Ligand code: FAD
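As a starting point, one isolated chain is supplied in structure tokens, in the form predicted on its own.
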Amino acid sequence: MGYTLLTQPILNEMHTPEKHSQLFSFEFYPPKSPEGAISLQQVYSKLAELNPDFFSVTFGAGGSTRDKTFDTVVDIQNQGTAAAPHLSCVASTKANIRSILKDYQDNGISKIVALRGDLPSGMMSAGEFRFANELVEFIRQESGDHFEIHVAAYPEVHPQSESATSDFKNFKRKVDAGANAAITQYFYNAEAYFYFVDKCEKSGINIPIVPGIMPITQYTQLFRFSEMCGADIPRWMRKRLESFGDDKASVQAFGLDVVSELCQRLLDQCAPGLHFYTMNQSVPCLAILDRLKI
């Protein structure tokens, strides 16, 4: 059993800010303990006041957090904000995915973030699905248009792709299979995003491509994540962050400046919204949105 978000519900009627033409969303990971659940509830409560389009909840490798993801998603949905579970297909079966889809439908969930996912350590077979486009196609076959399907996009190229060309072809297959929107891996080079969007437009891809935003709070953690997911930290940024050493306050102040400026530029040039990788924290996201006057 997973841990649910406890305490007070937050209803849509309590949300006073109006929706913007550019939509905002936030990503959580399922809490690992009762204390984590209480902390996440507090984070959710603060971010829900902004009336986001949805909250997404991650799904562990090979479905390792299936129950916790489900519990967290349903609880968010019941508190008045749309929730979008991540669903990864690698190491899954069609019967397993079919069961999950039905459970989400039965609980009023209408958004899904469909991903290939990572193969769990020690597992040799990818299962009945190899790529995310196969998952998107299966969701459409099983559920028709019930789900609004979001997929991943990589402006700086997926780290496991053979080339930028093959990576873009993989992305197009997901769109052709029935994706409604895309969320990018985080990046700090706006030009990579603009180039990717321009390439999509020239290729006839017209779904919203929402930039993924990672606030900067710790350099060591950011460097580790970026190495794993292939997100580039520009040299000038890396050198500045390294120069702060253990001065956490300076790292956070610099990160706030850099990420806020990035977000403002993206919005000024008509990005359809922003998707924040919160790391289950509200303060960094709220500081950025305050800078943006959202």
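The shown structure was predicted, so the numbers you read here are calculated from the model rather than taken from an experiment. The numbering used is simple: start at 1 and walk along the sequence shown.
Keep in mind that the form predicted together with this ligand is not shown, yet the notes after this line are about it.
Judged against this ligand in the predicted complex with a 4.5 angstroms heavy atom cut-off, the residues E27, S161 and I183 are in contact without exception.
When this ligand is considered in the predicted complex, Q79 lies well away from it, no heavy atom lying within 4.5 Å. Using a 4.5 angstroms threshold between heavy atoms, E142 stays clear of this ligand in the predicted complex. Under a 4.5 angstroms non-hydrogen atom cutoff, this ligand in the predicted complex has F131 among its neighbouring residues. Contact check for E137: every heavy atom lies farther than 4.5 Å from this ligand in the predicted complex. The partner is not drawn, yet in the predicted complex one stretch among 102 to 110, 218 to 226, 147 to 155, 200 to 208 has residues with heavy atoms inside 4.5 Å of this ligand: 147 to 155.
Between the options L115, A177, I97, A83, the residue in contact with this ligand in the predicted complex by a heavy atom within 4.5 angstroms is L115. Checked against this ligand in the predicted complex, the candidates S39, S250, N51, T58 yield a single residue with a heavy atom inside 4.5 Å, and that residue is T58.
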